[in-house]
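First, one chain by itself: the form predicted alone, in structure tokens.
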């Protein structure tokens, strides 16, 4: 049993998001927990310069409704990850492989795992397709 945490915007929720969350949950083993930290609208706009199609409260509700998710928090700054790991007694920190190496600074607190992305799907690509 392990406590797992992952972060994301989860805008235009798609099969890649679902598969990432299911794999993250599985890393916790039987009776493990998955905490998902959803990037707030403010954080996305101010820090990432991204506008979300779906408001953060709705994105959090969608993520929280999944049976693989045990707890949902909001991300309001890049710096909060270390404290989130401590506060939630996290054993495994999970991100997609596109972030490989970016969160290795957490290895003194927990295991850091970068999972492969689901091929041929991303929110960025979906937004580009919708724009024409």
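Note that this is a predicted model, so its numbers are computed, not measured. Residue numbers count along the first chain shown, from 1.
The next section is about a form of this same protein that is not shown, the form predicted in complex with a small molecule.
- In summary, the region of this chain contacting the small molecule in the predicted complex, judged by heavy atoms within 4.5 Å and restricted to 24 to 32, 82 to 90, 64 to 72, 47 to 55, corresponds to 47 to 55.
- Contact check for residue 104: no non-hydrogen atom falls within 4.5 Å of the small molecule in the predicted complex.
- At the 4.5 Å threshold, heavy atoms of residue 95 reach the small molecule in the predicted complex.
- In the predicted complex, at least one heavy atom of residue 20 sits within 4.5 Å of the small molecule.
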